[in-house]
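One chain comes next, on its own, written as structure tokens: the form predicted on its own.
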């Protein structure tokens, strides 16, 4: 058999395979504004999750109904990485298979909309995205799963509906009351741009990021599991502050609508007042950054808003920690750094630094060394570029 014959046979055997890619995202500015109906800025990054979908029953005899009802999930990033289930019995998983909930939630949402395959399949995942660093590998996993499952079913969805479906899966199946920031940024990413999201109306747009700037991530190594962490507590506190605030200002339908003066006039418990102040001021920072980009302000002016955001997250929203505070403070002292802040849900994870092109690996190593001296722990760092959003991408097709 000739080489060309083998190639043709392989192409024929894989003709029904489906491929997707979804990037991770950096929360650039707008900490915890998404579920409060505010505006956020995100950046899709040039790393993410790849998903291969394989119809599992195409060569099975028709009478083998048992196999037609089964599907499996595999990820090289987890031990005991193969999970098997039934299409008509999707249940939440715990412990070592908790990662599958992001895929299972998406599948369940698609089934409820009659957009899922009726026969079994396999999903195989691989990733070059660091986990537990605040880059939302969970949203990338959801979007990659959704795009691949839709292809297996011969269906499609507009990008906005795709992001909304994945958010619904995380809210209702996984159990995290997140907003649309993660899924929206991963879905609507664009190279050399930030993603702006009006989370109340779910309106997405792209803003060009100044050229010759870089984005670095410094990982504290403190793993944050947002489903079981204080994330839900902060969400509840914001809802309580809104409920109390609306008794005096019923015209404000979300916490981001309140002014500082209105918040100060309310009889709020100390913790709720601090949460409300952060949300109100963070909304102003996002608006100022967006307007500043449009007006052509220099990055060093815009970067001050990032440093202010971290201070507020630490002091008012209290979702930082000593390690995140230290990294932010050290980075914000450097002339090559326009602004640094925690990124993502907080309570661990990473600090993002927006820098000039002069910030180098030498600078990064100096930050790592200083952190080692302070906390006796060696941390890692990553440098990312902005990326296009989630998409169908055939890994078997070679350029040219």
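Residue numbers count along the first chain shown, from 1. Keep in mind that what you see is a predicted model, and the values were worked out from it rather than measured.
Same protein, other form: the form predicted in complex with a small molecule, not shown, and the subject of what follows.
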query	finding
Candidate stretches 47 to 55, 25 to 33, 331 to 339, 361 to 369, one within 4.5 Å of the small molecule in the predicted complex by heavy atom	25 to 33
Option touching the small molecule, based on a heavy atom within 4.5 Å in the predicted complex, out of 231, 125, 204, 99	231
Contact residue in the predicted complex, from 307, 178, 277, 90 (heavy atom within 4.5 Å of the small molecule)	178
Distance check, residue 182 to the small molecule in the predicted complex, heavy atom within 4.5 Å	yes
Distance check, residue 38 to the small molecule in the predicted complex, heavy atom within 4.5 Å	no
Heavy atom of residue 42 within 4.5 Å of the small molecule in the predicted complex	no
4.5 angstroms heavy atom contact with the small molecule in the predicted complex for residue 349	no
